[in-house]
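Taking the form predicted alone, here's one chain by itself in structure tokens.
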């Protein structure tokens, strides 16, 4: 060995390594008694619940550890034991204490929000629109989780019969931490939450995305990038070369998919021989269609 004695190698700076260090620091602080658990309200609005399902697939920590040890989960449409009026009361009780608000799903505006009713309160429908405004005005920190919450996503895709919009549209005065993705990767949510608990809000880009997860283009770390640089492009799905001319949106999408993949590192879209469809980029899905194209003259613009 030629290295100097006592000099440690630099810590890895991949997004996943950063997330793991944040969670490890949170666990250490909790063991030392210096960790302050905070209340969390997880609100599901107009969407498919894909983000909460994705979070259940998280590990290191897993979702159960998060809700039992890192936060006090005050409300979750899908996961709480209470239901009906009892659940709605829990939602209103959460307003009496400081809390972090995480919202997945878009906000439906049509007919004063009546296209998305999440419960009943005082014998009146509680719309997602009313809940988003009520909770968003009082939350200490707000996370928009997934494509629908950050910019409308699939819920706001043409022709958008529910007149759905992203959360920022109904909370224009509040700063949101935005975690786009369809669905969001568990690391992006859990790592951001750990940072908030330990150090406060993370640094974000001009669109509100945490830099630690959304700073690098998929294209720049794609294992098929050497084919792009040499001008070797796939002519059909299944070809093992660069998928750019079939419509891959990796050149305009910023996440860490190439390095840590999905389903606990099992695979990711390009690894499965399908182009990136840009689900973590603002404008998805309308701005990213068609997902597959054989038009080689198509122009892909950066954000």
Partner chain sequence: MTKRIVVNPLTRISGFMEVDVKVENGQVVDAQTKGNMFRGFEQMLMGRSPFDAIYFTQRICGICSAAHSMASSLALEDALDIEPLEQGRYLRDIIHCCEFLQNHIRHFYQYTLPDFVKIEQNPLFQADHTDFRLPDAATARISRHYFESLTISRRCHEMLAILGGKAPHNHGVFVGGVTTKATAEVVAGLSSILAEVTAFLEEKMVPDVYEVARYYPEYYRLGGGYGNLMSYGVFDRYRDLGTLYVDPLVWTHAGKEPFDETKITENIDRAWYKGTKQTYVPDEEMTEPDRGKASTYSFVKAPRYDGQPMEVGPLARLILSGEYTNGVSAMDRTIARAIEAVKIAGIMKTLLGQLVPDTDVQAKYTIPETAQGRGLTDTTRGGLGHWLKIKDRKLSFYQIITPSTWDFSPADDRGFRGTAEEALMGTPVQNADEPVEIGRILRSFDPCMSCATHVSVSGKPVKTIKVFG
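Computed from a predicted model, the values in this text were never measured in an experiment. Numbering follows the first chain given and starts at 1.
Note that the form predicted together with its partner chain isn't included here; everything after this is about it.
Proximity to its partner chain in the predicted bound form, taken as a non-hydrogen atom within 4.5 angstroms, holds for one residue of 82, 170, 198, 95, which is 82. Among 57, 241, 38, 259, the residue placing a heavy atom within 4.5 Å of its partner chain in the predicted bound form is 57. For the three residues 99, 216 and 281, a heavy atom within 4.5 Å of its partner chain turns up in the predicted bound form in no case. Under a 4.5 angstroms non-hydrogen atom cutoff, its partner chain in the predicted bound form lacks residue 130 among its neighbouring residues. Although the partner is absent here, residue 67 lies within 4.5 Å of its partner chain in the predicted bound form, judged by heavy atoms. Among heavy atoms of residue 231, none comes within 4.5 Å of its partner chain in the predicted bound form. Contact annotation: residue 47 falls within 4.5 Å of its partner chain in the predicted bound form, judged by heavy atom distances.
In plain terms, the part of the chain that comes close to its partner chain in the predicted bound form, with a heavy atom within 4.5 Å, is 150 to 158 out of 131 to 139, 199 to 207, 171 to 179, 150 to 158. Of the residues in 249 to 266, those that come within 4.5 Å of its partner chain in the predicted bound form through at least one heavy atom are, in sequence order, 262, 263, 264, 266.
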